[in-house]
Each structure stands twice: as C-alpha cells, then as structure tokens.
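Single chain ahead, written as structure tokens, the form predicted alone.
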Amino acid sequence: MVNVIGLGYIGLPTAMMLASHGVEVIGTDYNKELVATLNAGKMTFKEKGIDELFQEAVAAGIKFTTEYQVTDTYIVSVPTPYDKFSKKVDACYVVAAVKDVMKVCPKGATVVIESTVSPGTIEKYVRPVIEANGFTIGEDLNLVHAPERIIPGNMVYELLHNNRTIGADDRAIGEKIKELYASFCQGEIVVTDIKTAEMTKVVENTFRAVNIAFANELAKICRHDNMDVYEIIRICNMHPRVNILQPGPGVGGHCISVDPWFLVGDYPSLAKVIDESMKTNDGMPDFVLNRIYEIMKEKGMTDISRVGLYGLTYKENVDDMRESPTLQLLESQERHLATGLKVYDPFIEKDVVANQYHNLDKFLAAVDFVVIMVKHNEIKENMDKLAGKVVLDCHNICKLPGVYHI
C-alpha cells in the first residue's frame, strides 16, 4: 500500500493515477474539509480529465483520511513555499510530514519526496530530522526524491506520458520506486542520486523562466520604439535554431514563478542571469498596469472602474490562482493607492477580489476597456463580444481592429 501525503494539485492526481492502475492507495491530508469533500465523491479542483480519473480511482478503492498509515511506502507531496526576501525554500511542511511518517512507519519503509525543493534541501533539512529521531537512513528508513513534472491544464496526460526522475541513495531502492511509478508512467524514468534529481527539476523550470523573461524583455524593447514584437518573434523563429517564446502579462503558478528563486537564494553570487530574468518576469504585471494607464490617457478615459481584467487564474483553462499575474497587478494597483478595476474569470466561482463578476456578458456590459490577462477558451470563442471595446490583448489572440498589445 502507498500512503500519499498531501492531496493538493500534485498529490491528489498522483494518488488517483496510482489507484487507477492497480496500486492500493490511501491519501492523507490535514485539511478535514478537503478530505470530507473527497469522501463525499466530489473533486476539489477543476482540470481536464480529472473527474474521470477520480471516478476510476474511487472505483479502484482509493481512500482518503487525515491519518497517516502504517505501510512501507510514503509519497510526500506537500507545499514548499519560499521566502520572498531571502529567496530560500521553506521546507517546514516537508519536514513536518516526514516527522509524522516516522511516528507510524515500520522499519525499512521508503519515503518519497515529490515536493519540489532546491538542491541540497533533503541533505540540509530532511536527513538531520530523520537522524535526530533515532532512525538510520538506509536501514530504518529509505529516502527518495521523485519530483513531479506536470502542468495544470494537462496534468492527467502529462502524468501518463512525461519522463520522470527518481533520486535515491541506494540504486536498488531507486529501481523499486521506478517500478511503482512505471505502473502508470509511460515516459522514460531515470534513476540517479537525490541531489541531481533536486537540481534537474529546478533547472527545467528555470530554463523556461529565463526564456519567458527574454520574450518579455523583447516586448518592452519593442514597445519603447513602437515595433511589433509578435512579428519580430515570428520571423526570428523561422530560423532553424531559434525558438523564442511569447511574451505575456507575467508568470504565475507554483513552478516557473517560484523554483528559479531557489537557485537565486542558494547561489546569490552565481545566479545573476536567473536573478535578472525573474525580476523581468515579476515586473510584467506593473508593466501591464502602466500600459492600461497609457491607453486610458490616449483614449481620454478617466474612470478606472470602466476597465475590466479578464482572467484571474495564472494560466488558461484551470482554476489555479497561485502567483497569478492578475492578482499581482491588483496588488500593485493597491500599492499605488488606486482601486476600481473590475475582474472576471469563468473558472473562479467564489468572490476572491473586489469588483468581481461571475458572468461574461454582465462583466462586458460594465466595462468599456477589456484587458485580456488570461487566454481562456471562453474569450477566444467570444471575441465578437469585444467589438466596440478598447482591448489590451496581453496574449496576441484578439484579431479585432485597433487592439492594443503589451
């Protein structure tokens, strides 16, 4: 049996995928309301294909509880926040989960850390806790790091098809955990050491963050001299060795917007390109806010309450708002002692910000200026409803005449 600790955006899909492929699974989370919701047969977030996977896992016998189980394999998938000032990872949730595992696990159990951590975190924070509790690593408890490699919006497909990395002290233990993930993972699974596994996950997301920052910086340069950044990128990408990404209003989620900071925090004198890239990405919501004010001035608009932000989530077609550029923009507006922007997102059903709408038509009727912050399918399918509006398109998806871009 596998006890999956942490039933959030990563732990829950992993638990369900294992269960639906013949593995006995019990999911554990301290959140009693979340556990009760799952036991009532309801999913806790929206995602393509996730409801079907949930039903398959329930039919296969998956269970949910707030209690840690006595078993030989644990998968820890709890949050790993970072300090926004020091840029260092906070491993407190991982350490707390491992401590709770040690209270119930039998000798020889294996603890798999799925949570994304900075290189050396397991060495600096997890091993000392295990040893301080009288456990001998490799005898009483085995440690493995198997970082997740999925993206919200396509996580079911990516759980099945993405390659994975397993980091372990003991090759034999690593191969055993590889077999566990191979119960559902059709991608290549590489077994290596723990620190290499930690590093590869962070480097993958850092690579993407740096490339996004390059595109965002290009957008700023082109805006300065009134050039079309999208046309420039399109032409450059015709070169066989060039693949520039698209600029956007910022970077959100709990991977690309967070993981690179781990390297900046741990290697402040070395990670200069990464540091500047992250500052570029983090500055995009402010850049968009300034564009809003510029366009309002150009159009002779004075009432900020007639401006609406379309999209609250950090990316399209999910309900995940973690590190959302829209939330960052709203925070920036508040810092400038201004409020009034209207907001709408079809995936966010509860009120989470001021002036939030829950119907596209009512939202559009209340604004004259629409800022497309997120490229949900809904807005792509209703572009005709933007006719007559001032539009700032942060993703280059609106083909109506007179559209503004970042």
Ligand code: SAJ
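We number the residues from 1 along the sequence you see. This one's a predicted model, so the numbers in the text were calculated from it and none came from an experiment.
Only in words, not in the display: the form predicted together with this ligand, which the text now covers.
Though the partner is left out of this view, D259 does reach within 4.5 Å of this ligand in the predicted complex, counting heavy atoms only. Heavy atoms of V76 never reach within 4.5 Å of this ligand in the predicted complex, leaving it off the interface. The closest heavy atom approach of Q246 to this ligand in the predicted complex falls within 4.5 Å. This ligand in the predicted complex is approached by C255, whose closest heavy atom lies within 4.5 angstroms of it.
The partner is absent here, but in the predicted complex a heavy atom of E204, alone among D72, D282, E204, D169, sits within 4.5 Å of this ligand. Residue I151 is the only one of M227, V95, I295, I151 with a heavy atom lying within 4.5 Å of this ligand in the predicted complex. Segments offered: 124 to 132, 262 to 270, 208 to 216, 100 to 108. Contacting this ligand in the predicted complex at heavy atom distances within 4.5 Å is 208 to 216.
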